[in-house]
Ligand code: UDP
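Heads up, the chain below is alone and in the form predicted alone; it's given as structure tokens.
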């Protein structure tokens, strides 16, 4: 059996003061005909990255809504995750393809994991490319299989995409963050469009006072009396931490007291992460005001919360981004947010209204300087950003979208509770 993740318990009732009454009523109505349905989520890792964070909230809320839900982790050695990282990068446009040996490695692990999977569910939800081929080993499955893509597939490496599309074509539905992410290709199942969401009650996003945040940040050597810029993300070239360091160095010329925290997580399905972490440390060149931290420094959810709350500006200078939940988190905490003008970030931030969108390290530096010079005006943008997140990017809305899809796949009435779709290959 594949390893099961213990997600604990959550209650929908706890969200009643955050979500609207209409949304909560809709969730209850949609959940009623699904009571007792068996659901399993399959993913590559139980920590690090947005998929894991979403599931730690979504799975127990699905359970509280009356479904029987599990979350299981596929198995793999470094050789497998090196291949899946190549696939991940290629699907976001990297020209590097797969060798025949890598393709065989990928197929071998799909079969290995399929042998340890009991196909006894009503819905099987497969997250991202790592387990995408498991469906190939269940041609007679009675379950509805759903594939959830969490990255930008708009300009994929066609050779690599063509390698996985026969598997994708066997699914009953595919979900993308944005309409623009649906690849122009034949052979896809019906595609649904909805963004991910954050849990406002999770330790990473719960209300944290400025005093408590400063106390926590101080434990990592940060001078809490001096301004702090922070980026929270994996150590990944797409997140451009080196570009963030460049921006910080420009800011420091005018604000010599400024500090920079690069806060990441190391996940076991990302073998490249260590290489890029080391590149980032080297690029910092021993600057005592640059703090490069991760879960290996005991930086967990509460600590990330504290860094975001305490920062004068939060940066997410991605050059490629599936959605960017760290942006959502920062806006929810009413922090002035500077982010790359890419991917799902542009659906969260309206430039000049709720935050700052940038296309270069120099623009990033200029935005941070603007924030540090006029923090009162910066906070007004941040307040508008928080309200936008409240309306669009919190977990109850995400749960509602899943319930709509489950009902649709079972042929049940979803009148008045629609989700966006797009024709495959459009």
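Just so you know, these numbers come straight off a predicted model, no measurement behind them. Positions refer to the first chain, counted from 1.
Quick note: we don't show the form predicted together with uridine-5'-diphosphate, though the next part is all about it.
*Asks:* uridine-5'-diphosphate isn't shown here, but in the predicted complex which of 306, 125, 325, 338 has a heavy atom within 4.5 Å of it?
*Replies:* If I apply the 4.5 Å criterion carefully, the residue I get is 325.
*Asks:* Pick from 263, 83, 188, 134: which has a non-hydrogen atom within 4.5 Å of uridine-5'-diphosphate in the predicted complex?
*Replies:* Answer to the contact question: 263.
*Asks:* Can you tell me whether residue 239 touches uridine-5'-diphosphate? I mean in the predicted complex, with a 4.5 angstroms heavy atom cut-off.
*Replies:* Answer yes; at least one heavy atom of residue 239 falls within 4.5 Å of uridine-5'-diphosphate in the predicted complex.
*Asks:* Does any heavy atom of residue 331 come within 4.5 Å of a heavy atom of uridine-5'-diphosphate in the predicted complex?
*Replies:* So residue 331 does not count as contacting uridine-5'-diphosphate.
*Asks:* Taking heavy atoms and a 4.5 Å cut-off, does residue 60 contact uridine-5'-diphosphate in the predicted complex?
*Replies:* Because no heavy atom of residue 60 falls inside 4.5 Å of uridine-5'-diphosphate in the predicted complex, the answer is no.
*Asks:* Should residue 157 be counted as a contact of uridine-5'-diphosphate in the predicted complex, where contact means heavy atoms within 4.5 Å?
*Replies:* Contact check for residue 157: no, nothing within 4.5 Å of uridine-5'-diphosphate in the predicted complex.
*Asks:* In the predicted complex, which of 75 to 83, 137 to 145, 162 to 170, 226 to 234 comes within 4.5 Å of uridine-5'-diphosphate (heavy atoms)?
*Replies:* Checking each option against the 4.5 Å cut-off leaves 226 to 234.
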